[in-house]
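First, one chain by itself in structure tokens, the form predicted on its own.
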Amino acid sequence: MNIGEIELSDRKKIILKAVVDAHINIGEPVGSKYLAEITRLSCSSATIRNEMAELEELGYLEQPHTSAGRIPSDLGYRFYVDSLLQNYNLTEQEIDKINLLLRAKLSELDKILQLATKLASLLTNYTGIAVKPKAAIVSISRFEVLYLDRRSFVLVMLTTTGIVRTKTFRLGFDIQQEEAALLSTVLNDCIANLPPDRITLPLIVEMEHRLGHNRRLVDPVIKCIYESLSDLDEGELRVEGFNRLLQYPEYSDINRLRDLFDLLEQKEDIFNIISGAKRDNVNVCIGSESDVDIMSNSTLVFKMVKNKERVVGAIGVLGPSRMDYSRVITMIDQLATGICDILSSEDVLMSGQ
């Protein structure tokens, strides 16, 4: 039997939706007698029980214990999200909190994502996450050296992905403003637009030759460039409100909670889930739908953040599969849309430094 080809009857859809809604609210297996009381179906609890048994056979429900009621499976949650979800209308209080983000007038993407992550956790009562994706091949497209005084300068690096990195250098020797300008010229002439593996020893020797008696600037500057490009290549995962998961029985096992924390610490699996997602919609990754075992009984809801047409990150929440999907999806959609509006209308630096 191919589950994907089965069309559920209207009654099965109503019962499945009622089971999911009830399980989200009470956190316990749901029985037929309880459903008979809360649904408007003109049928007996015995009929509902038979329908629930068929939904279990089809894979939409599970029975954790022989004598217990039923809970939604990952397939049941997926059908609920895709076909049964009702629109959620934000409350005035929720709208006001989201508008805090829009009124903040922050000038850096990192700070915008930091505030949005806290809001996502606060508004949903789950763990908020924000992702800045790994860059494929990054190089510095332009260097600027800002002279501060005879013992210090700021190196400004604009990457090919539009991200800005800055580094202040404190020197043990004197340089003049003209020498700082020469350093900027040499960097742009020799290594601008080159990936790290093409910044070779001959180029470094050429830079030292052109800088003359200030050749000692080359080593610390090259080291800074390598470190900056390495940081960008790793990507970034920001997490807020992880301790909120402690209140949910799904995470009462401390070992399971520790595994989930390790998942967020290591980042790679989360990056992989998000990198394969749809760019224009809210994405809902439910439990076993991912290849990550630790995600079992958990759901990741997120949406890409774009600066005009270019994806610059993602915002979302991680929580139990038993979550209020209608409310969470609406929240994440509104937050991501708000960030995109900020990025398209403001002069935002793509850096937190």
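Computed from a prediction, not measured in an experiment: that's the story for all the values here. Residue positions are given as counts along the sequence shown, with the first one as 1.
From this point on, the text means the form predicted in complex with the DNA, which you will not see here.
For the candidate spot formed by Arg11, Thr47 and Thr66, every residue has a non-hydrogen atom within 4.5 angstroms of the DNA in the predicted bound form.
Using a 4.5 angstroms threshold between heavy atoms, Ser321 stays clear of the DNA in the predicted bound form. Met304 falls outside the set of residues with a heavy atom inside 4.5 Å of the DNA in the predicted bound form. Under a 4.5 angstroms non-hydrogen atom cutoff, the DNA in the predicted bound form lacks Met295 among its neighbouring residues. When the DNA is considered in the predicted bound form, Gly31 lines it closely, a heavy atom lying within 4.5 Å. Proximity to the DNA in the predicted bound form, taken as heavy atoms within 4.5 Å, picks out 38-46 from the listed stretches 306-314, 321-329, 38-46, 283-291.
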